[in-house]
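This document opens with one chain alone, in structure tokens, the form predicted on its own.
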């Protein structure tokens, strides 16, 4: 299986970036994906290193790869065959970034080491153990609009979606907007909660094997995907603690639900609020529980009990 190395990476989406490889429908490639910092942070980094990040290097993606016969109006089908984690990563609070950026203005960082075989949860100090489920946070194709586009927000053509369930065995469908599709992948995570509330997961470089197929003349309004089976079974064995936010604004409700969970974790474990926030980002799930009973909606934050030992 051919490998596309991390030296063939770029920052941002641009239809003019030349492809580093060409593949046919049915081919499988392995990609070396860098972590979201582009190698600036790792397990041994400290909080002060967050303040010196070069943001022009953030969220690199490996590629792009041109898929033969892919044309605008087609769908690129990407099957995640396997992921090979590196065994190290980081989670950070980056000033000005994340759901609760106003609550946490100072940088913080936790370095992770874990078994690359995923045979054991990753330890969060002596307080928590987080089950691992690696996935690429960014998968996408080049936008049809000209110019360089930021990799940070997700797009109609994919990109930085941070969908935890796009793991091994899942199949992603992306609308093609340029000839060859020009696919890239990056921002690999060893674990993440739905919502990635502090803005980072367990950011970890790894290898990703992907198979490419085409659906000709099929129109999609946005990315779609399917999973090979249950998506929470690695976390739900002992149930959840759940907090809610209730009100007329979903973003405010989400913030309230996470704030309540942070408060509960601090009371339950004695950990610092910054640590509770980062832990929520790697294993707690935000869900819209109710969105029809105007004027108020309900957002829930689910924290798996097994992370703290049940």
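Remember, predicted model here, so these are calculated numbers, not experimental data. Positions refer to the first chain, counted from 1.
Below, we turn to the form predicted together with a further copy of the same chain, even though it does not appear here.
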Can you tell me if residue 10 lies within 4.5 angstroms of a further copy of the same chain in the model of the complex, counting non-hydrogen atoms only? no
- Might residue 295 be said to contact a further copy of the same chain in the model of the complex, defining contact as any heavy atom within 4.5 Å? yes
Exercise. Should residue 149 be counted as a contact of a further copy of the same chain in the model of the complex, where contact means heavy atoms within 4.5 Å?
Worked result: no
| request: Classify residue 123 as contacting or not contacting a further copy of the same chain in the model of the complex by the rule of any non-hydrogen atom within 4.5 angstroms, answering yes or no. | output: no
TL;DR on 75 to 83, 160 to 168, 114 to 122, 140 to 148: the one with heavy atoms within 4.5 Å of a further copy of the same chain in the model of the complex is 160 to 168
Hey, with a further copy of the same chain in the model of the complex, do 221, 233 and 242 all fall inside the 4.5 Å heavy atom range?
yes
Note: exactly one of 131, 199, 179, 88 sits with a heavy atom within 4.5 Å of a further copy of the same chain in the model of the complex, namely 199
Answer key, a further copy of the same chain contact in the model of the complex at 4.5 Å (heavy atoms) among 71, 106, 103, 238: the residue is 238
Residues in 46 to 85 that come within 4.5 Å of a further copy of the same chain in the model of the complex by at least one heavy atom, in order, are none
